[in-house]
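Encoded as C-alpha coordinates, the following chain is the form predicted on its own, with no partner shown.
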(Lines give C-alpha, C1' and ligand atoms only; values in the text may rest on other atoms or scores of the structure.)
Protein backbone atom coordinates (compact mmCIF):
# COMPACT_ATOMS: atom_id res chain seq x y z
CA UNK A 1 0.00 0.00 0.00
CA UNK A 2 1.33 3.43 -0.95
CA UNK A 3 1.37 5.91 1.91
CA UNK A 4 0.41 9.48 0.95
CA UNK A 5 1.27 12.87 2.34
CA UNK A 6 1.52 16.46 1.12
CA UNK A 7 5.31 16.57 1.19
CA UNK A 8 8.09 14.00 1.52
CA UNK A 9 11.39 15.13 3.03
CA UNK A 10 14.34 12.84 2.28
CA UNK A 11 16.93 13.03 5.04
CA UNK A 12 16.53 13.56 8.78
CA UNK A 13 19.46 15.82 9.55
CA UNK A 14 18.77 19.19 11.13
CA UNK A 15 17.87 20.75 7.76
CA UNK A 16 15.36 18.04 6.91
CA UNK A 17 13.85 18.29 10.36
CA UNK A 18 13.70 22.09 10.24
CA UNK A 19 12.00 22.06 6.82
CA UNK A 20 9.54 19.38 7.97
CA UNK A 21 8.76 21.20 11.21
CA UNK A 22 7.97 24.49 9.49
CA UNK A 23 5.93 22.77 6.77
CA UNK A 24 3.89 20.98 9.44
CA UNK A 25 3.35 24.34 11.15
CA UNK A 26 1.78 25.42 7.84
CA UNK A 27 -0.72 22.54 8.19
CA UNK A 28 0.99 20.32 5.63
CA UNK A 29 1.11 16.55 6.11
CA UNK A 30 4.83 15.72 6.06
CA UNK A 31 6.71 12.42 5.92
CA UNK A 32 10.47 12.14 6.49
CA UNK A 33 12.39 9.20 5.03
CA UNK A 34 15.85 8.61 6.54
CA UNK A 35 18.18 5.83 5.40
CA UNK A 36 19.97 5.68 8.78
CA UNK A 37 18.77 7.30 12.01
CA UNK A 38 17.89 10.90 12.82
CA UNK A 39 20.95 13.14 12.96
CA UNK A 40 23.42 10.30 12.51
CA UNK A 41 25.78 12.21 10.23
CA UNK A 42 26.97 15.83 9.96
CA UNK A 43 24.10 17.34 11.95
CA UNK A 44 25.14 15.70 15.22
CA UNK A 45 28.92 15.49 14.91
CA UNK A 46 29.84 19.04 13.87
CA UNK A 47 31.28 21.69 16.18
CA UNK A 48 27.91 23.35 16.81
CA UNK A 49 29.15 26.79 15.85
CA UNK A 50 26.58 29.57 15.69
CA UNK A 51 28.75 31.63 13.38
CA UNK A 52 27.89 34.68 11.36
CA UNK A 53 31.60 35.59 11.23
CA UNK A 54 33.28 35.43 7.81
CA UNK A 55 30.28 34.07 5.96
CA UNK A 56 30.37 34.28 2.19
CA UNK A 57 28.67 37.54 1.26
CA UNK A 58 25.50 35.92 -0.25
CA UNK A 59 25.05 33.91 2.97
CA UNK A 60 25.15 36.89 5.33
CA UNK A 61 21.42 37.85 5.27
CA UNK A 62 20.33 34.21 5.80
CA UNK A 63 22.91 33.72 8.55
CA UNK A 64 21.94 36.88 10.44
CA UNK A 65 18.26 35.92 10.38
CA UNK A 66 19.10 32.38 11.46
CA UNK A 67 21.06 33.75 14.41
CA UNK A 68 17.90 35.48 15.63
CA UNK A 69 16.07 32.15 15.49
CA UNK A 70 18.78 30.47 17.56
CA UNK A 71 18.50 33.27 20.12
CA UNK A 72 14.75 32.66 20.30
CA UNK A 73 14.75 28.89 19.94
CA UNK A 74 12.70 28.49 23.12
CA UNK A 75 9.90 30.54 21.55
CA UNK A 76 10.04 28.51 18.33
CA UNK A 77 10.33 24.96 19.68
CA UNK A 78 9.21 25.52 23.26
CA UNK A 79 11.49 25.98 26.26
CA UNK A 80 11.41 22.30 27.28
CA UNK A 81 12.72 21.16 23.88
CA UNK A 82 15.12 24.07 23.37
CA UNK A 83 16.91 23.91 26.73
CA UNK A 84 19.01 20.75 26.04
CA UNK A 85 20.32 22.38 22.86
CA UNK A 86 22.49 24.60 25.11
CA UNK A 87 22.26 27.61 22.85
CA UNK A 88 24.98 30.06 23.91
CA UNK A 89 25.18 33.39 22.08
CA UNK A 90 26.92 36.72 22.65
CA UNK A 91 30.22 35.04 23.58
CA UNK A 92 31.75 35.81 20.21
CA UNK A 93 33.61 33.98 17.49
CA UNK A 94 37.09 35.31 16.75
CA UNK A 95 39.21 34.77 13.68
CA UNK A 96 42.81 35.15 14.89
CA UNK A 97 45.61 36.29 12.58
CA UNK A 98 49.14 34.98 13.09
CA UNK A 99 50.58 36.45 9.91
CA UNK A 100 50.67 40.10 8.82
CA UNK A 101 48.98 39.14 5.55
CA UNK A 102 46.12 37.55 7.51
CA UNK A 103 45.66 40.73 9.54
CA UNK A 104 45.52 42.78 6.37
CA UNK A 105 42.92 40.39 4.97
CA UNK A 106 40.81 40.80 8.14
CA UNK A 107 40.85 44.57 7.71
CA UNK A 108 39.88 44.27 4.06
CA UNK A 109 37.03 41.91 4.97
CA UNK A 110 35.68 44.24 7.69
CA UNK A 111 35.79 47.19 5.28
CA UNK A 112 33.93 45.17 2.65
CA UNK A 113 31.10 44.12 4.98
CA UNK A 114 30.76 47.67 6.29
CA UNK A 115 30.56 48.95 2.72
CA UNK A 116 27.67 46.55 2.20
CA UNK A 117 25.89 47.88 5.28
CA UNK A 118 26.79 45.22 7.86
CA UNK A 119 28.35 46.23 11.16
CA UNK A 120 28.59 42.93 13.01
CA UNK A 121 32.25 42.18 12.19
CA UNK A 122 34.88 44.18 14.07
CA UNK A 123 38.66 44.36 13.87
CA UNK A 124 40.47 43.80 17.17
CA UNK A 125 44.16 44.35 17.94
CA UNK A 126 46.40 42.28 20.19
CA UNK A 127 45.52 44.36 23.26
CA UNK A 128 41.80 43.67 22.79
CA UNK A 129 42.54 40.02 22.04
CA UNK A 130 44.30 39.67 25.40
CA UNK A 131 41.19 41.03 27.15
CA UNK A 132 39.11 38.24 25.60
CA UNK A 133 41.47 35.23 25.69
CA UNK A 134 44.34 34.26 28.00
CA UNK A 135 47.47 32.25 27.21
CA UNK A 136 47.77 33.26 23.57
CA UNK A 137 51.01 32.85 21.69
CA UNK A 138 53.11 35.94 20.95
CA UNK A 139 52.48 35.14 17.26
CA UNK A 140 48.81 36.17 17.53
CA UNK A 141 48.52 39.68 16.11
CA UNK A 142 44.81 40.42 16.43
CA UNK A 143 41.86 39.41 14.35
CA UNK A 144 38.22 39.88 13.52
CA UNK A 145 35.27 39.22 15.81
CA UNK A 146 31.49 38.82 15.63
CA UNK A 147 30.54 39.46 19.23
CA UNK A 148 26.99 38.03 19.08
CA UNK A 149 28.13 34.64 17.79
CA UNK A 150 28.29 31.52 19.94
CA UNK A 151 27.64 27.80 19.88
CA UNK A 152 25.13 25.07 20.69
CA UNK A 153 25.03 21.32 21.20
CA UNK A 154 24.57 19.97 17.65
CA UNK A 155 23.26 16.54 18.66
CA UNK A 156 20.82 17.95 21.21
CA UNK A 157 19.66 20.71 18.87
CA UNK A 158 18.98 18.15 16.13
CA UNK A 159 16.97 16.02 18.54
CA UNK A 160 15.07 19.13 19.66
CA UNK A 161 13.98 19.68 16.06
CA UNK A 162 13.04 16.00 15.81
CA UNK A 163 10.81 16.25 18.86
CA UNK A 164 9.24 19.48 17.62
CA UNK A 165 8.59 18.01 14.19
CA UNK A 166 7.00 14.89 15.67
CA UNK A 167 4.85 16.99 17.98
CA UNK A 168 3.71 19.00 14.94
CA UNK A 169 2.56 15.80 13.24
CA UNK A 170 5.54 14.89 11.04
CA UNK A 171 5.86 11.14 10.45
CA UNK A 172 9.50 10.03 10.61
CA UNK A 173 10.58 6.71 9.08
CA UNK A 174 14.16 5.67 9.92
CA UNK A 175 16.29 2.98 8.27
CA UNK A 176 14.31 3.27 5.05
CA UNK A 177 16.41 2.74 1.92
CA UNK A 178 15.22 4.36 -1.31
CA UNK A 179 15.27 2.17 -4.39
CA UNK A 180 14.02 4.67 -6.98
CA UNK A 181 11.80 7.73 -7.42
CA UNK A 182 9.17 7.90 -10.15
CA UNK A 183 6.54 10.41 -11.28
CA UNK A 184 2.86 9.65 -12.02
CA UNK A 185 -0.20 11.92 -12.22
CA UNK A 186 1.52 14.92 -10.56
CA UNK A 187 2.70 12.71 -7.71
CA UNK A 188 6.25 11.74 -6.79
CA UNK A 189 6.42 8.09 -5.76
CA UNK A 190 9.38 7.12 -3.59
CA UNK A 191 9.92 3.38 -3.73
CA UNK A 192 11.74 2.01 -0.68
CA UNK A 193 12.51 -1.29 1.04
CA UNK A 194 9.58 -0.42 3.31
CA UNK A 195 7.08 0.08 0.49
CA UNK A 196 6.06 3.16 -1.50
CA UNK A 197 5.43 6.72 -0.33
CA UNK A 198 3.83 9.40 -2.51
CA UNK A 199 3.44 13.16 -2.40
CA UNK A 200 3.18 16.02 -4.90
CA UNK A 201 6.29 17.69 -3.43
CA UNK A 202 9.65 16.20 -2.39
CA UNK A 203 12.46 18.00 -0.54
CA UNK A 204 15.94 16.51 -0.89
CA UNK A 205 17.80 17.12 2.39
CA UNK A 206 20.18 14.21 1.96
CA UNK A 207 23.44 15.92 2.92
CA UNK A 208 26.46 13.99 1.66
CA UNK A 209 24.13 11.88 -0.49
CA UNK A 210 22.24 14.86 -1.96
CA UNK A 211 23.66 14.31 -5.45
CA UNK A 212 22.60 10.65 -5.36
CA UNK A 213 18.99 11.54 -4.58
CA UNK A 214 19.11 14.27 -7.24
CA UNK A 215 20.29 11.79 -9.86
CA UNK A 216 17.22 9.65 -9.22
CA UNK A 217 15.04 12.41 -10.73
CA UNK A 218 17.46 13.36 -13.50
CA UNK A 219 19.35 16.23 -11.81
CA UNK A 220 23.11 16.27 -11.53
CA UNK A 221 24.26 18.37 -8.59
CA UNK A 222 27.98 19.15 -8.21
CA UNK A 223 28.20 17.77 -4.66
CA UNK A 224 31.26 15.89 -3.45
CA UNK A 225 31.07 13.71 -0.35
CA UNK A 226 33.89 14.52 2.07
CA UNK A 227 34.63 13.60 5.67
CA UNK A 228 35.91 15.87 8.45
CA UNK A 229 37.29 15.02 11.87
CA UNK A 230 36.86 16.46 15.34
CA UNK A 231 38.65 15.71 18.61
CA UNK A 232 38.08 16.50 22.26
CA UNK A 233 40.56 16.89 25.10
CA UNK A 234 40.47 16.20 28.80
CA UNK A 235 39.21 19.02 30.96
CA UNK A 236 41.64 21.93 31.12
CA UNK A 237 42.03 24.60 33.73
CA UNK A 238 41.66 27.52 31.36
CA UNK A 239 38.48 29.45 30.79
CA UNK A 240 38.04 30.39 27.12
CA UNK A 241 34.65 31.85 26.34
CA UNK A 242 34.76 32.78 22.61
CA UNK A 243 34.97 30.28 19.80
CA UNK A 244 38.38 30.58 18.11
CA UNK A 245 39.12 30.00 14.44
CA UNK A 246 42.21 30.49 12.31
CA UNK A 247 42.22 32.84 9.34
CA UNK A 248 44.48 30.81 7.04
CA UNK A 249 45.35 28.16 9.63
CA UNK A 250 43.19 24.99 9.90
CA UNK A 251 41.86 25.60 13.40
CA UNK A 252 38.49 25.93 15.10
CA UNK A 253 37.86 25.21 18.73
CA UNK A 254 35.64 25.97 21.68
CA UNK A 255 35.68 25.11 25.35
CA UNK A 256 32.61 23.27 26.61
CA UNK A 257 30.77 24.01 29.81
CA UNK A 258 32.57 21.07 31.49
CA UNK A 259 36.02 22.41 30.53
CA UNK A 260 36.99 20.17 27.61
CA UNK A 261 38.26 21.58 24.31
CA UNK A 262 36.43 20.56 21.13
CA UNK A 263 38.82 20.98 18.21
CA UNK A 264 38.05 21.00 14.50
CA UNK A 265 38.93 23.27 11.64
CA UNK A 266 38.43 21.18 8.56
CA UNK A 267 40.58 18.17 9.50
CA UNK A 268 40.11 15.67 6.62
CA UNK A 269 39.03 12.09 7.29
CA UNK A 270 38.44 9.12 5.02
CA UNK A 271 34.88 9.11 3.64
CA UNK A 272 33.11 5.80 3.18
CA UNK A 273 29.64 6.91 2.05
CA UNK A 274 28.60 3.48 0.79
CA UNK A 275 29.02 2.23 4.36
CA UNK A 276 27.53 5.43 5.86
CA UNK A 277 30.69 6.02 7.83
CA UNK A 278 34.13 7.67 7.82
CA UNK A 279 37.47 7.26 9.57
CA UNK A 280 39.80 9.94 11.00
CA UNK A 281 43.40 10.08 9.77
CA UNK A 282 45.75 10.03 12.78
CA UNK A 283 48.42 12.08 11.01
CA UNK A 284 45.95 14.83 10.14
CA UNK A 285 44.81 15.02 13.75
CA UNK A 286 48.43 15.47 14.82
CA UNK A 287 48.78 18.35 12.35
CA UNK A 288 45.70 20.01 13.82
CA UNK A 289 47.04 19.60 17.36
CA UNK A 290 50.25 21.31 16.27
CA UNK A 291 48.24 24.21 14.87
CA UNK A 292 46.42 24.54 18.19
CA UNK A 293 49.68 24.77 20.11
CA UNK A 294 50.92 27.45 17.72
CA UNK A 295 48.05 29.61 18.99
CA UNK A 296 48.17 28.29 22.57
CA UNK A 297 51.62 26.89 23.52
CA UNK A 298 50.33 26.06 27.01
CA UNK A 299 48.04 23.39 25.48
CA UNK A 300 51.01 21.24 24.43
CA UNK A 301 50.48 18.80 27.30
CA UNK A 302 46.68 18.60 27.04
CA UNK A 303 45.54 15.02 26.38
CA UNK A 304 43.23 14.12 23.48
CA UNK A 305 40.63 11.63 24.74
CA UNK A 306 38.34 11.06 21.76
CA UNK A 307 38.13 11.64 18.02
CA UNK A 308 35.31 11.24 15.53
CA UNK A 309 34.39 12.16 11.99
CA UNK A 310 31.32 12.76 9.87
CA UNK A 311 30.24 12.92 6.25
CA UNK A 312 29.21 16.13 4.49
CA UNK A 313 28.37 17.27 0.96
CA UNK A 314 30.57 20.01 -0.52
CA UNK A 315 29.81 22.23 -3.52
CA UNK A 316 32.41 23.87 -5.83
CA UNK A 317 31.70 27.36 -4.44
CA UNK A 318 31.26 26.09 -0.86
CA UNK A 319 27.76 27.55 -0.67
CA UNK A 320 24.62 25.45 -0.22
CA UNK A 321 22.17 24.40 -2.90
CA UNK A 322 18.70 25.56 -1.89
CA UNK A 323 15.80 25.72 -4.30
CA UNK A 324 13.57 23.85 -6.71
CA UNK A 325 14.96 21.64 -9.43
CA UNK A 326 15.14 23.30 -12.81
CA UNK A 327 13.68 20.21 -14.50
CA UNK A 328 11.91 18.02 -11.94
CA UNK A 329 8.65 19.77 -11.05
CA UNK A 330 8.04 20.32 -7.33
CA UNK A 331 11.30 18.63 -6.40
CA UNK A 332 13.42 20.77 -4.06
CA UNK A 333 17.09 20.47 -3.16
CA UNK A 334 18.36 21.61 0.26
CA UNK A 335 21.87 20.21 0.56
CA UNK A 336 25.56 20.88 -0.11
CA UNK A 337 26.11 23.01 2.99
CA UNK A 338 29.86 22.40 2.83
CA UNK A 339 30.44 21.99 6.59
CA UNK A 340 28.86 25.25 7.71
CA UNK A 341 25.14 24.53 7.50
CA UNK A 342 24.32 23.94 11.16
CA UNK A 343 23.86 27.61 12.00
CA UNK A 344 21.72 28.17 8.89
CA UNK A 345 19.22 25.41 9.62
CA UNK A 346 16.50 27.30 11.56
CA UNK A 347 16.07 30.07 8.98
CA UNK A 348 16.61 27.82 5.95
CA UNK A 349 13.82 25.48 7.06
CA UNK A 350 11.50 28.42 7.62
CA UNK A 351 12.26 30.02 4.24
CA UNK A 352 12.01 26.76 2.30
CA UNK A 353 8.66 25.96 3.91
CA UNK A 354 7.34 29.43 3.14
CA UNK A 355 8.55 29.17 -0.46
CA UNK A 356 6.81 25.83 -0.99
CA UNK A 357 3.57 26.99 0.61
CA UNK A 358 3.53 30.24 -1.39
CA UNK A 359 4.87 28.59 -4.56
CA UNK A 360 7.46 31.34 -4.84
CA UNK A 361 11.14 31.18 -3.96
CA UNK A 362 11.93 33.44 -1.00
CA UNK A 363 14.45 36.21 -1.70
CA UNK A 364 16.71 35.13 1.16
CA UNK A 365 17.36 31.70 -0.34
CA UNK A 366 17.26 32.75 -4.00
CA UNK A 367 21.08 33.19 -4.27
CA UNK A 368 21.53 29.47 -3.63
CA UNK A 369 19.47 28.21 -6.55
CA UNK A 370 20.63 24.92 -8.12
CA UNK A 371 20.60 26.66 -11.50
CA UNK A 372 23.71 28.69 -10.62
CA UNK A 373 25.80 25.71 -11.64
CA UNK A 374 25.85 25.53 -15.39
CA UNK A 375 27.17 21.98 -15.14
CA UNK A 376 23.80 20.80 -13.84
CA UNK A 377 22.44 18.72 -16.65
CA UNK A 378 19.67 16.29 -17.19
CA UNK A 379 20.92 12.78 -16.47
CA UNK A 380 20.28 10.62 -19.49
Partner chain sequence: MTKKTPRLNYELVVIGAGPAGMSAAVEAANHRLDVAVFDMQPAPGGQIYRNLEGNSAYQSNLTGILGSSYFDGAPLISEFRSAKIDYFPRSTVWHLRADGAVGVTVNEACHLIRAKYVLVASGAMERPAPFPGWTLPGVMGAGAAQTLIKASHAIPSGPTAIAGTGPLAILVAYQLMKMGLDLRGLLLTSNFSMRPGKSVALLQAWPEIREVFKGLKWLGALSRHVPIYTGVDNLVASGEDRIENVTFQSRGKNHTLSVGTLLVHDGIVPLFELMADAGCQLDWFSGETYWMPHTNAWGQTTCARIFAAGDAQGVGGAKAARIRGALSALEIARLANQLSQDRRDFQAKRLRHQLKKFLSLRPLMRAQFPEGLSATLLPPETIVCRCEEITSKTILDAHRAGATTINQMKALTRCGMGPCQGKMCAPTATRVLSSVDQIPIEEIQSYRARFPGRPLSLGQLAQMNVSPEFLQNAKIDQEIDKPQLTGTAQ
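Residue numbers count along the first chain shown, from 1. A quick note: this is a predicted structure, and the numbers were derived from the prediction, not measured.
One more form of this protein exists, namely the form predicted together with the partner chain; it is left out here, but the text below deals with it.
Each of 233, 263 and 270 places at least one heavy atom within 4.5 Å of the partner chain in the predicted complex.
Distance criterion of 4.5 Å from any heavy atom to the partner chain in the predicted complex singles out 293 from the list 72, 187, 192, 293. Contact with the partner chain in the predicted complex, judged by any heavy atom within 4.5 Å, is made by just one of 90, 101, 303, 79: 303. The stretch among 102-110, 121-129, 274-282, 242-250 whose residues place heavy atoms within 4.5 Å of the partner chain in the predicted complex is 274-282. Under a 4.5 angstroms non-hydrogen atom cutoff, the partner chain in the predicted complex lacks residue 54 among its neighbouring residues. Contact check for residue 215: no non-hydrogen atom falls within 4.5 Å of the partner chain in the predicted complex.
Contact annotation for residue 196: none of its heavy atoms lies within 4.5 Å of the partner chain in the predicted complex. Contact annotation for residue 162: at least one heavy atom lies within 4.5 Å of the partner chain in the predicted complex. Shown without its partner, the chain has 155, 156, 159, 162, 174, 175 in segment 150-178 as residues with a non-hydrogen atom within 4.5 angstroms of the partner chain in the predicted complex.
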